[in-house]
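First, one chain by itself in structure tokens, the form predicted on its own.
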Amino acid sequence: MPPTVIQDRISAKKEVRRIKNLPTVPGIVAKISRIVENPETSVAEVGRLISQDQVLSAKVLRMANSAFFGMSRKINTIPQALIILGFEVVKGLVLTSSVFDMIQKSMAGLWEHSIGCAAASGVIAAHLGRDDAEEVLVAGLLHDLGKVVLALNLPEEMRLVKEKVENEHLYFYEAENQVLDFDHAEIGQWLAEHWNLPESLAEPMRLHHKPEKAVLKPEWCAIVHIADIITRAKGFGNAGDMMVPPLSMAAWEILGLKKTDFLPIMEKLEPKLNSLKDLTALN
């Protein structure tokens, strides 16, 4: 086995934190985060801030009008999006539309997998009658961002991980742990800390493979876990390996799902996945 480049979790975390190209929250997102915390902030104020960047505004509106949300009417303006989707969801779309620019250039398959997982997360949450389906969708969109950091900034380690996946038929996270002694879920957690993301989003990034360990948002982690597996099983995009991980029965139990729930979930998801292909040309 080739020598491991990074020897332990502590040095690995330091190494990741030292990465000069670690994605930073775009300035506009930082500004939005600050003003949204003020209870006196109006929709018009946030809308004006986002609208200052025409390219970003166009991307957010395109995502908001995509099959993700299935709105009955078209969202034409950023203030409309804020009213219908909420501050936090639009902030998440601003963040991901910026970060996924990097994925588009290097990991198109991961982008497809991520939007598929987001759609599946939203469908499962809506099927369960949750009123936070849009927020859960954003968690699904962000869940694999640790892989982007690994691919862009630790290319030698990424090469070794891919070799193990292909030659030893391992799951991607198994190969990561063998090469690095940590995986993309942990990188996602460090990235969330770097961005000062709320724990409600950080926990699904960290525990989407281990939803039974979730404390703050076990339902969100369980939904993203199941959505990830469904998206892999459908072959929508490429998460780094071609295998479907085992389903955590704890996730099923956390959500109170039954076998009879699976068919209606898939019936709602299929047309969404068919409609989402155009988002792979987001740039």
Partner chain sequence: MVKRIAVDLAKPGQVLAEQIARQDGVLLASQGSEVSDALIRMLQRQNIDSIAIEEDEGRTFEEIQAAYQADVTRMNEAFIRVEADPILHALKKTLIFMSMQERDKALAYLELSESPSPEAKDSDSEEAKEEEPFAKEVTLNSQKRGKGK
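Residue numbers count along the first chain shown, from 1. Just so it is clear, the structure is predicted and the values come from calculations on it, not from any experiment.
The following text describes the form predicted together with its partner chain, which does not appear among the structures shown.
Lys234, heavy atom within 4.5 angstroms of its partner chain in the predicted complex: Lys234: yes, in contact with its partner chain in the predicted complex.
Met242: touches its partner chain in the predicted complex, heavy atom cutoff 4.5 angstroms: Contact check for Met242: yes, within 4.5 Å of its partner chain in the predicted complex.
4.5 angstroms heavy atom contact with its partner chain in the predicted complex for Lys213: So Lys213 does not count as contacting its partner chain.
Heavy atom of Ile229 within 4.5 Å of its partner chain in the predicted complex: Ile229: contacts its partner chain in the predicted complex.
Heavy atom contact within 4.5 Å of its partner chain in the predicted complex, the stretch among 186-194, 169-177, 107-115, 142-150: Residues of 169-177 come within 4.5 Å of the partner.
All of Val46, Pro79 and Ile84 with a heavy atom within 4.5 Å of its partner chain in the predicted complex: Answer is no for this spot.
Partner-contacting position among Ile28, Ala67, Leu61, Val36 - heavy atom within 4.5 Å of its partner chain in the predicted complex: Only one listed residue qualifies here, and that residue is Ala67.
Its partner chain: the contacting residue among Leu128, Met71, Met158, Ala133 in the predicted complex [heavy atom, 4.5 Å]: Selected residue: Met71.
Residues in 111-133 with any heavy atom within 4.5 Å of its partner chain in the predicted complex: Counting only heavy atoms within 4.5 Å of its partner chain in the predicted complex, no residue of 111-133 makes contact.
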